[in-house]
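Heads up, the chain shows up twice below as structure tokens, two forms, tagged structure 1 and structure 2.
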Structure 1
């Protein structure tokens, strides 16, 4: 009886990993298709590519790194990392604005 239960549990995990694998392949195909699409705005193209990359990153981190089943502390650390990364990206983009440059004569 235990062997049958273990085999069923193993098959359940294999199916989940195969689903994630196929989802990553589909995400890659969509990313390549988006790069071939002729969109006038570069910002929209980059936003689409980043959205797809974030979804694929979530799948990898969530399922292959087992963050979906981890405790709240892991999510807190992940949230703090995202907060500081977004802040650093904001500061980088803000410092590149032409009006923020000081011209010394």
Structure 2
């Protein structure tokens, strides 16, 4: 997306950037508001907060960082990263399951 655009194209992009900006602000407000709501379930509280954070993250990465229209090579690098990141997080936390907790409790 970085090459060969004339000024007119960029006017369009600018509109999109502004839209993303407003969406991010709204997302922030909602997530704070949700934390004031008296939701009893911890799981739902966490899910709401993380869902909104993921949406915001998607907007920043997708539009501000142009990932939406990036080249295959970058996708490849990031896909590998996501795989390893997921492995690190999931497998590490797995060892904190009750059946594995003999070493602390």
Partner chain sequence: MDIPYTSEPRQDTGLFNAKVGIWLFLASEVMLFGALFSSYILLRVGAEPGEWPHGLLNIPLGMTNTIVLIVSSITVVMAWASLKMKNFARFKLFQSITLLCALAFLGIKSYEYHDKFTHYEVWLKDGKIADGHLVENNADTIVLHHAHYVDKEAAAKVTHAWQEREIKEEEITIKKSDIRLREGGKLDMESYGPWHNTYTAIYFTLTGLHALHVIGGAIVIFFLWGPLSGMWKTDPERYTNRIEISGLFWHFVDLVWIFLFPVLYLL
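Rigid core (definition): largest C-alpha set, two forms, superposition within 1.5 Å. Every value quoted in this text rests on a predicted model; they were computed, and no experiment measured them. Numbering follows the first chain given and starts at 1.
Undergrad: Decide which single structure shows the form predicted on its own, answering 1 or 2.
TA: Looking at both, the form predicted on its own is number 1.
Undergrad: If we fit on the core, is the Cα of residue 89 displaced 2 Å or more between structures 1 and 2?
TA: Shift of 2 Å or more: yes.
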